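Let's start with one chain on its own, the form predicted on its own, as structure tokens.
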Amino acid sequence: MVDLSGKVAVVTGAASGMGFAIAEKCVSERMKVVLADVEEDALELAADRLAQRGTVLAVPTDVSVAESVDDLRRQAEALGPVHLLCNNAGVSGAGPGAAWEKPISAWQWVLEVNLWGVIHGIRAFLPAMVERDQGHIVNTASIAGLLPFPFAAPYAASKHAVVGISTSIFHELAIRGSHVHVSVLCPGWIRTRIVDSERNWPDRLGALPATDTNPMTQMLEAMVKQLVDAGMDPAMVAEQVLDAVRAERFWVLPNASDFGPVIRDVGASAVEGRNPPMAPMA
């Protein structure tokens, strides 16, 4: 088991939800924790809460911008070599809807944060870990990265990509005999503010896409919000993330028992040439 005490952890999307819970758990492990988030006021409040219990540093960061993540690395390394990076920042997308109906700006936003945010984190932090031959990266994907997820194509695309990237890195490190490790976090419904992601819509992408007034879309939005509100406590996810880091385990599926059968069926459908089954909403 890896001793994390005194080591430096960087968590993106750390102002709320799973990111804050992971950062809080890292503090409880006596790590020095760097909190990064695009939402500056919430980030400051989160850092104030955790500063009473350990060493924390808040760094406003837009993970969709490579230079911002590079600056995060430079500031984090002032505390020491970064041992743990949690590429956790993510957005759900600008409302549900069919893939062909979503504007380019909605695709761009989700992919820039969910996918490019992970890529920027890997490129900024992994080289130094490889050079030291020590460290661990946790990439936040989703159960939507393993299952069919209709009416959220940009989100599903980004999360499937994160699973694929994480798997590639896992094997690339293993082939080199590296002692650096990677995990991929694929949670189901978690009690966070993910459905309110639009609060951080960037001005550079123009106006926020108009709300879809289709009754089916509105019903789907309400259903998703209900499932999120009734979801797993982020603290339970954080516990499993740190367990995986200590055990150097790749897969972290906090709701695995809920989705395991359909994950197996999706894999089997590919081998057997069947059309993919629909994933249950709950």
Ligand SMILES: NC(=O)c1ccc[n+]([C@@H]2O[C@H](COP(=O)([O-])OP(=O)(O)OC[C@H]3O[C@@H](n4cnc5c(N)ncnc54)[C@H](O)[C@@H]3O)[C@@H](O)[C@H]2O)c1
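Because the structure is a prediction, the values reported are computed rather than measured. One rule holds for the numbers: they count along the sequence shown, beginning at 1.
The same protein also has a form predicted together with the ligand, omitted here; what follows describes it.
Enquirer: Using the partner position in the model of the complex, report whether residue 86 sits within 4.5 Å of the ligand, counting heavy atoms only.
Expert: Although the ligand is absent here, residue 86 would stay clear of it in the model of the complex, with no heavy atoms inside 4.5 Å.
Enquirer: Using a 4.5 Å heavy atom cut-off, state whether residue 200 contacts the ligand in the model of the complex.
Expert: The answer is yes: residue 200 has a heavy atom within 4.5 Å of the ligand.
Enquirer: Residue 44 versus the ligand, in the model of the complex: is there a non-hydrogen atom within 4.5 Å?
Expert: Because no heavy atom of residue 44 falls inside 4.5 Å of the ligand in the model of the complex, the answer is no.
Enquirer: Contact with the ligand in the model of the complex for residue 63, defined as at least one heavy atom pair within 4.5 Å: yes or no?
Expert: Yes, contact at 4.5 Å.
Enquirer: The ligand isn't shown here, but in the model of the complex which of 221, 39, 239, 29 has a heavy atom within 4.5 Å of it?
Expert: None of the other options qualify; the answer is 39.
Enquirer: Only one of 51, 256, 244, 228 comes within 4.5 Å of the ligand in the model of the complex by heavy atoms, so just point that one out.
Expert: Contact with the ligand in the model of the complex is made by 228 alone.
Enquirer: Counting only non-hydrogen atoms, choose the one of 129-137, 75-83, 174-182, 154-162 that falls within 4.5 Å of the ligand in the model of the complex.
Expert: After filtering at 4.5 Å, what remains is 154-162.
Enquirer: Does the ligand, in the model of the complex, lie within 4.5 angstroms of each residue among 91, 189 and 194, using heavy atoms as the measure?
Expert: Yes.
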